[in-house]
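Before any questions on how it binds or moves, here is one chain, the form predicted alone, in C-alpha coordinates.
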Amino acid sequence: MYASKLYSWKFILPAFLLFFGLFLVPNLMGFYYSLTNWNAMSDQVKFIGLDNFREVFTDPSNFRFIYNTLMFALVTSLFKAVIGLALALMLNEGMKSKNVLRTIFFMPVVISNLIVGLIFQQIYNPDTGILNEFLHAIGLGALSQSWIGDPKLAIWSSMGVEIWKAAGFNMVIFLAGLQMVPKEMYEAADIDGANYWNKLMKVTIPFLIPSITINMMLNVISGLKVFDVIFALTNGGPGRASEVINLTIFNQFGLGTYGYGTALGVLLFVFLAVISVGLVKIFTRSEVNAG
(Lines give C-alpha, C1' and ligand atoms only; values in the text may rest on other atoms or scores of the structure.)
Protein backbone atom coordinates (compact mmCIF):
# COMPACT_ATOMS: atom_id res chain seq x y z
CA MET A 1 0.00 0.00 0.00
CA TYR A 2 2.86 2.36 0.91
CA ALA A 3 4.70 1.63 -2.34
CA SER A 4 1.63 2.58 -4.35
CA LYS A 5 1.78 6.09 -2.85
CA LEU A 6 5.29 6.78 -4.16
CA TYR A 7 5.63 8.92 -7.24
CA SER A 8 6.78 7.22 -10.40
CA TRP A 9 10.41 7.84 -11.45
CA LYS A 10 9.00 9.46 -14.59
CA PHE A 11 7.70 12.32 -12.44
CA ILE A 12 10.91 12.60 -10.43
CA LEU A 13 13.36 12.43 -13.34
CA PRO A 14 12.81 15.95 -14.82
CA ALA A 15 13.20 17.60 -11.41
CA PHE A 16 16.26 15.48 -10.63
CA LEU A 17 17.90 16.36 -13.96
CA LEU A 18 17.34 20.08 -13.34
CA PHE A 19 18.70 19.76 -9.79
CA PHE A 20 21.67 17.73 -11.02
CA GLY A 21 22.51 20.11 -13.87
CA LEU A 22 21.89 23.45 -12.18
CA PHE A 23 23.00 22.69 -8.60
CA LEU A 24 25.06 19.53 -8.14
CA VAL A 25 27.32 19.89 -11.19
CA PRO A 26 28.23 23.59 -10.55
CA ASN A 27 28.89 22.82 -6.87
CA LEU A 28 31.07 19.80 -7.64
CA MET A 29 33.01 21.91 -10.16
CA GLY A 30 33.36 24.59 -7.48
CA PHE A 31 34.86 22.03 -5.07
CA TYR A 32 37.36 21.02 -7.74
CA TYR A 33 38.41 24.56 -8.69
CA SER A 34 38.84 25.47 -5.02
CA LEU A 35 41.74 22.98 -5.05
CA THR A 36 43.47 24.68 -7.98
CA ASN A 37 45.43 27.88 -8.70
CA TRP A 38 42.85 29.03 -11.29
CA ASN A 39 43.48 32.71 -12.00
CA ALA A 40 43.23 35.33 -14.72
CA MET A 41 47.01 35.55 -15.22
CA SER A 42 47.49 32.04 -16.61
CA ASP A 43 45.72 29.63 -18.91
CA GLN A 44 47.10 26.70 -16.93
CA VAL A 45 44.94 25.40 -14.07
CA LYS A 46 47.17 23.51 -11.63
CA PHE A 47 46.00 21.28 -8.78
CA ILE A 48 47.41 22.68 -5.50
CA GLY A 49 45.51 20.65 -2.90
CA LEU A 50 44.40 22.57 0.19
CA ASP A 51 46.71 25.57 -0.32
CA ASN A 52 43.83 27.99 -0.90
CA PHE A 53 42.09 26.89 2.32
CA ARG A 54 45.39 27.04 4.22
CA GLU A 55 45.91 30.62 3.02
CA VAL A 56 42.41 31.62 4.15
CA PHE A 57 43.08 30.55 7.74
CA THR A 58 46.73 31.62 8.00
CA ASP A 59 46.38 35.15 6.59
CA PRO A 60 45.67 37.41 9.64
CA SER A 61 43.99 40.01 7.42
CA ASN A 62 41.19 37.49 6.78
CA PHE A 63 40.18 37.34 10.44
CA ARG A 64 38.43 40.71 10.07
CA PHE A 65 35.90 39.60 7.44
CA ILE A 66 35.35 36.26 9.19
CA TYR A 67 34.64 38.08 12.46
CA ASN A 68 32.40 40.64 10.70
CA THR A 69 30.39 37.92 8.96
CA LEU A 70 29.82 35.93 12.15
CA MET A 71 28.92 39.02 14.20
CA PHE A 72 26.61 40.28 11.47
CA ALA A 73 24.76 36.95 11.34
CA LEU A 74 24.53 36.62 15.14
CA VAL A 75 23.46 40.17 16.01
CA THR A 76 21.02 40.70 13.13
CA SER A 77 19.42 37.26 13.63
CA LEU A 78 18.69 37.91 17.29
CA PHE A 79 17.45 41.49 16.87
CA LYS A 80 15.32 40.71 13.80
CA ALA A 81 13.63 37.85 15.68
CA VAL A 82 13.09 39.81 18.93
CA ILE A 83 11.77 42.94 17.19
CA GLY A 84 9.66 40.85 14.82
CA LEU A 85 8.14 38.96 17.76
CA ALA A 86 7.43 42.19 19.66
CA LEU A 87 5.71 43.70 16.60
CA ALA A 88 3.69 40.52 16.03
CA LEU A 89 2.51 40.40 19.65
CA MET A 90 1.56 44.10 19.51
CA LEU A 91 -0.25 43.88 16.17
CA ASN A 92 -2.02 40.60 16.97
CA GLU A 93 -4.26 42.38 19.47
CA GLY A 94 -7.51 44.18 18.65
CA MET A 95 -5.85 47.40 17.51
CA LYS A 96 -7.90 49.42 15.01
CA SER A 97 -4.96 50.41 12.81
CA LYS A 98 -3.17 47.04 13.00
CA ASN A 99 -3.53 46.26 9.28
CA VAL A 100 -2.08 49.64 8.31
CA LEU A 101 0.78 49.21 10.78
CA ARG A 102 1.47 45.66 9.55
CA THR A 103 1.80 47.03 6.01
CA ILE A 104 4.09 49.84 7.14
CA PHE A 105 6.41 47.53 9.07
CA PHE A 106 6.49 44.98 6.22
CA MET A 107 7.09 47.56 3.49
CA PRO A 108 10.94 47.70 3.84
CA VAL A 109 11.09 43.99 2.94
CA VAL A 110 9.94 44.63 -0.64
CA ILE A 111 12.51 47.36 -1.29
CA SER A 112 15.70 46.33 -3.11
CA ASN A 113 18.71 45.94 -0.82
CA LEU A 114 20.80 48.09 -3.16
CA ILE A 115 18.25 50.91 -2.99
CA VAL A 116 18.07 50.58 0.80
CA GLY A 117 21.85 50.85 0.96
CA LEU A 118 21.88 54.00 -1.17
CA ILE A 119 19.07 55.56 0.90
CA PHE A 120 20.90 54.93 4.16
CA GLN A 121 24.09 56.35 2.70
CA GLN A 122 22.25 59.68 2.72
CA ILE A 123 20.60 59.09 6.10
CA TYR A 124 23.98 58.30 7.70
CA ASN A 125 25.76 61.26 6.04
CA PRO A 126 27.61 63.02 8.92
CA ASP A 127 26.98 66.52 7.55
CA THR A 128 23.59 66.41 5.81
CA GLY A 129 22.07 63.09 6.96
CA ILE A 130 18.71 63.20 8.75
CA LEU A 131 19.95 60.95 11.58
CA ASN A 132 22.50 63.46 12.86
CA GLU A 133 20.08 66.32 12.09
CA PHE A 134 17.44 64.60 14.22
CA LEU A 135 19.87 64.08 17.11
CA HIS A 136 20.80 67.77 17.01
CA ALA A 137 17.11 68.77 16.89
CA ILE A 138 16.26 66.87 20.10
CA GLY A 139 19.34 68.12 21.96
CA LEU A 140 21.41 64.93 21.57
CA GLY A 141 23.93 66.40 19.14
CA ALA A 142 26.75 64.90 21.23
CA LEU A 143 25.63 61.47 19.97
CA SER A 144 25.99 62.41 16.29
CA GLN A 145 28.60 60.27 14.56
CA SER A 146 30.22 59.49 11.26
CA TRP A 147 28.07 56.36 11.10
CA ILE A 148 29.67 54.70 8.07
CA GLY A 149 32.93 56.68 8.01
CA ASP A 150 34.12 55.49 11.43
CA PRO A 151 35.80 52.05 11.16
CA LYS A 152 34.42 51.09 14.59
CA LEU A 153 30.81 51.96 13.67
CA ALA A 154 30.52 50.98 9.99
CA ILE A 155 29.65 47.31 10.49
CA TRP A 156 27.21 48.13 13.33
CA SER A 157 25.50 50.76 11.17
CA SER A 158 25.14 48.13 8.44
CA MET A 159 23.59 45.74 10.97
CA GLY A 160 21.05 48.44 11.87
CA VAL A 161 19.97 48.72 8.24
CA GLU A 162 19.55 44.94 7.91
CA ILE A 163 17.53 44.75 11.14
CA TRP A 164 15.29 47.65 10.05
CA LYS A 165 14.68 46.03 6.68
CA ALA A 166 13.98 42.43 7.71
CA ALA A 167 12.23 42.69 11.10
CA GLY A 168 8.91 43.02 9.25
CA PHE A 169 9.45 39.66 7.53
CA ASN A 170 9.97 38.01 10.92
CA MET A 171 6.81 39.76 12.14
CA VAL A 172 4.71 38.19 9.37
CA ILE A 173 5.91 34.66 10.18
CA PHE A 174 5.26 35.20 13.90
CA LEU A 175 1.79 36.58 13.13
CA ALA A 176 0.99 33.41 11.18
CA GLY A 177 2.22 31.34 14.13
CA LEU A 178 0.10 33.30 16.60
CA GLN A 179 -3.06 32.38 14.68
CA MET A 180 -2.35 28.72 15.59
CA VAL A 181 -2.48 29.32 19.36
CA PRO A 182 -5.87 28.05 20.67
CA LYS A 183 -7.87 30.78 22.43
CA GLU A 184 -8.96 28.17 25.00
CA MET A 185 -5.40 28.02 26.27
CA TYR A 186 -5.46 31.70 27.17
CA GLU A 187 -8.91 31.35 28.79
CA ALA A 188 -7.65 28.46 30.91
CA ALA A 189 -4.56 30.49 31.87
CA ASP A 190 -6.80 33.44 32.87
CA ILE A 191 -8.86 31.16 35.12
CA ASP A 192 -5.62 29.97 36.76
CA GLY A 193 -4.66 33.60 37.41
CA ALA A 194 -1.72 33.74 35.00
CA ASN A 195 -0.37 37.18 34.16
CA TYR A 196 0.77 38.35 30.70
CA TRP A 197 4.36 37.15 31.20
CA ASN A 198 3.22 33.67 32.35
CA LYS A 199 0.93 33.31 29.31
CA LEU A 200 3.70 34.46 26.99
CA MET A 201 6.28 31.99 28.31
CA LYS A 202 3.99 29.01 29.01
CA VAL A 203 1.45 29.26 26.19
CA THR A 204 2.55 31.56 23.36
CA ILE A 205 6.25 30.73 23.01
CA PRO A 206 5.82 26.91 22.94
CA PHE A 207 3.30 27.25 20.10
CA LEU A 208 5.69 29.60 18.27
CA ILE A 209 8.65 27.19 18.23
CA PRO A 210 8.09 26.30 14.52
CA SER A 211 7.95 30.01 13.64
CA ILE A 212 11.08 30.70 15.70
CA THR A 213 12.85 27.83 13.90
CA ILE A 214 11.98 29.19 10.47
CA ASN A 215 12.88 32.77 11.37
CA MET A 216 16.20 31.93 13.00
CA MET A 217 17.29 29.65 10.18
CA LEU A 218 16.41 32.22 7.50
CA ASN A 219 17.98 35.02 9.57
CA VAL A 220 21.27 33.18 10.10
CA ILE A 221 21.51 32.14 6.45
CA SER A 222 20.76 35.65 5.17
CA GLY A 223 23.20 37.10 7.72
CA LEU A 224 26.05 34.84 6.62
CA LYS A 225 25.26 35.51 2.94
CA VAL A 226 24.96 39.28 3.31
CA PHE A 227 26.40 41.20 0.38
CA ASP A 228 24.28 43.83 -1.35
CA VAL A 229 23.44 45.99 1.68
CA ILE A 230 27.09 46.34 2.67
CA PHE A 231 28.23 46.64 -0.95
CA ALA A 232 25.89 49.60 -1.49
CA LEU A 233 26.35 51.16 1.95
CA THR A 234 30.09 50.94 2.69
CA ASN A 235 31.63 48.68 0.02
CA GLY A 236 33.44 47.02 2.92
CA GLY A 237 35.07 50.24 4.11
CA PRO A 238 36.51 52.31 5.54
CA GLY A 239 39.55 50.20 4.61
CA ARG A 240 38.27 46.66 5.22
CA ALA A 241 36.46 47.52 8.46
CA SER A 242 33.01 46.32 7.34
CA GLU A 243 34.06 43.66 4.83
CA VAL A 244 32.18 40.35 4.91
CA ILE A 245 32.94 37.03 3.24
CA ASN A 246 30.71 37.48 0.18
CA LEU A 247 32.24 40.87 -0.50
CA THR A 248 35.71 39.30 -0.23
CA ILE A 249 34.68 36.59 -2.72
CA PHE A 250 33.41 39.31 -5.08
CA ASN A 251 36.67 41.22 -4.76
CA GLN A 252 38.80 38.10 -5.30
CA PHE A 253 36.96 37.33 -8.54
CA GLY A 254 37.48 40.96 -9.53
CA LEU A 255 41.22 40.49 -8.96
CA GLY A 256 41.20 37.33 -11.08
CA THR A 257 42.09 34.92 -8.24
CA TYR A 258 39.26 32.57 -9.08
CA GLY A 259 40.60 29.51 -7.24
CA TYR A 260 41.00 31.41 -3.96
CA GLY A 261 37.57 33.02 -4.37
CA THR A 262 36.01 29.62 -5.05
CA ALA A 263 37.66 28.22 -1.90
CA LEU A 264 35.99 31.00 0.12
CA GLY A 265 32.67 30.13 -1.51
CA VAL A 266 33.11 26.46 -0.59
CA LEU A 267 33.86 27.37 3.02
CA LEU A 268 30.74 29.54 3.15
CA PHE A 269 28.66 26.70 1.67
CA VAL A 270 29.96 24.17 4.23
CA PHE A 271 29.46 26.62 7.09
CA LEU A 272 25.89 27.38 6.00
CA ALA A 273 25.08 23.67 5.72
CA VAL A 274 26.45 22.91 9.21
CA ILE A 275 24.65 25.89 10.78
CA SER A 276 21.35 25.07 9.04
CA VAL A 277 21.38 21.40 10.06
CA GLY A 278 22.40 22.34 13.62
CA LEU A 279 19.60 24.90 13.99
CA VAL A 280 16.99 22.51 12.63
CA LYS A 281 18.09 19.80 15.09
CA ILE A 282 18.12 22.21 18.06
CA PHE A 283 14.71 23.74 17.39
CA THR A 284 13.14 20.42 16.31
CA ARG A 285 14.18 18.96 19.66
CA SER A 286 12.66 21.98 21.43
CA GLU A 287 9.46 21.55 19.41
CA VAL A 288 9.19 17.88 20.41
CA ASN A 289 9.84 18.69 24.08
CA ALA A 290 7.26 21.50 24.00
CA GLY A 291 4.70 19.15 22.41
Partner chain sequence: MRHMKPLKTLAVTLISLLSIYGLIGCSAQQDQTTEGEKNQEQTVTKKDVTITFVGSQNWLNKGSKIDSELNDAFTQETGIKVDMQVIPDDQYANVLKTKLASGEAPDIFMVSAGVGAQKFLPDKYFADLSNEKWVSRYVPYAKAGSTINGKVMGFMTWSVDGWGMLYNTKVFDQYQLTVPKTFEEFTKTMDTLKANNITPVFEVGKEAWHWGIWLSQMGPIAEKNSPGLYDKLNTNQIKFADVKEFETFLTQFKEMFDKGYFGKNPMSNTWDSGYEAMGKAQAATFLGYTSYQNEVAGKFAASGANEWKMFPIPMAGNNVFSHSAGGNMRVAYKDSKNLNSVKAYFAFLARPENLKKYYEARPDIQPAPSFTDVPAKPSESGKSLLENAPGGDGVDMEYGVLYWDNTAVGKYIQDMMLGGLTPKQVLESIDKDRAKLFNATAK
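Numbering follows the first chain given and starts at 1. Keep in mind that this is a model prediction, so the values were computed, not measured.
If you look for the form predicted in complex with the partner chain, you will not find it shown, but the lines that follow are about it.
Exactly one of the stretches 163 to 171, 194 to 202, 81 to 89, 122 to 130 approaches the partner chain in the model of the complex with heavy atoms within 4.5 Å, and it is 122 to 130. Residue contact with the partner chain in the model of the complex: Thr69 places no heavy atom within 4.5 Å of it. Put simply, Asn27 is far from the partner chain in the model of the complex: not one heavy atom of it is within 4.5 Å. Contact between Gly236 and the partner chain in the model of the complex is found at the 4.5 Å heavy atom cutoff. Residue contact with the partner chain in the model of the complex: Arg54 places no heavy atom within 4.5 Å of it. This chain is drawn without the partner chain; in the model of the complex, the residue among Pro108, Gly141, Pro206, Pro151 with a heavy atom within 4.5 Å of it is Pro151. Annotation for 43 to 63: interface residues with the partner chain in the model of the complex are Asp43, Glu55, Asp59 [heavy atom within 4.5 Å].
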